[in-house]
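As a starting point, one isolated chain is supplied in structure tokens, in the form predicted on its own.
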Amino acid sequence: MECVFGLVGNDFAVVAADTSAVHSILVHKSNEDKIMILDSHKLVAASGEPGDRVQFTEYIQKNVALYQFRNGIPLTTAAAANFTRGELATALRKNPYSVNILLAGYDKETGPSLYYIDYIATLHKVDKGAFGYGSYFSLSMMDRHYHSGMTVEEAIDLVDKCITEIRSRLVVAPPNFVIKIVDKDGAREYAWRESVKDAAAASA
């Protein structure tokens, strides 16, 4: 029951994701980070089958790094989104990935941006987006409270509203969320919202 959502504010983009690793009726862990730092100024928040999610996001991360290594300049956020979309489209006709992606980034020329890429290789530039069962609640909250030019404080408050709504309305709501932000200073972890902590493994 994954929940991934994000939005673009004034000179930054923020993404949040649940941190539950589940299979069938089992929760394996509740601190799985589903938001990858793609490079210094890009974030990839992914949902979908765990194997596809990890393998595909790592594949994109390494290829973006390879492009920068070969050419001496990083891909723009738009270029990274189009590359990701192209790889999903190619795989769609061979061995498709069951993965949905929100790609957030910051470019000096164009500022912050957020791209919605789903498992059938649909690509859209959006101001706000969400995937998973949590999207039913987070999208409605963002429709009500989102406005362009939000400050970091306003955006985090909206993210917290979305998390609260998911926790209170979704029957199998994930307990923990991670929030990451990207702006002119780079991509970084902003905060965790935890209601359950993984118990430390008992020593032998």
Partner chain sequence: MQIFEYNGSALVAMVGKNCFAIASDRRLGVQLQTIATDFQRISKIHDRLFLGLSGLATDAQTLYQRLVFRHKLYQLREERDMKPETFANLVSAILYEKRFGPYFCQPVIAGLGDEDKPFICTMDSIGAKELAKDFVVAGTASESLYGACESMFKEDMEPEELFETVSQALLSSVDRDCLSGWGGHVYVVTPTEVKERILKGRMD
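Just so you know, these numbers come straight off a predicted model, no measurement behind them. Residue numbers count along the first chain shown, from 1.
FYI, the form predicted in complex with its partner chain isn't displayed, but the following is about it.
Asks: Since the partner isn't included here, can you check whether its partner chain sits close to all of 147, 160 and 192 in the predicted complex (heavy atom within 4.5 Å for each)?
Replies: Not one of the three qualifies.
Asks: May I ask you to state whether residue 79 is within 4.5 Å of its partner chain in the predicted complex, using heavy atom distances?
Replies: Residue 79 lies outside the contact set for its partner chain.
Asks: Even though the partner isn't displayed, in the predicted complex is residue 75 close enough to its partner chain, meaning a heavy atom within 4.5 Å?
Replies: No, residue 75 is distant from the partner.
Asks: Taking any heavy atom pair closer than or equal to 4.5 Å as contact, tell me whether residue 61 reaches its partner chain in the predicted complex.
Replies: Contact check for residue 61: no, nothing within 4.5 Å of its partner chain in the predicted complex.
Asks: Flag residue 122 as yes or no: does it have a non-hydrogen atom within 4.5 angstroms of any non-hydrogen atom of its partner chain in the predicted complex?
Replies: Close contact exists here: in the predicted complex, residue 122 approaches its partner chain to within 4.5 Å, heavy atoms only.
Asks: Out of 139, 37, 173, 156, which one falls within 4.5 Å of its partner chain in the predicted complex, going by heavy atoms?
Replies: Of the listed residues, the single hit is 139.
Asks: Note that its partner chain is not shown here; using its position in the predicted complex, name the residues of 51-89 with a heavy atom within 4.5 Å of it, in sequence order.
Replies: Stretch hits, in order: 82, 85, 89.
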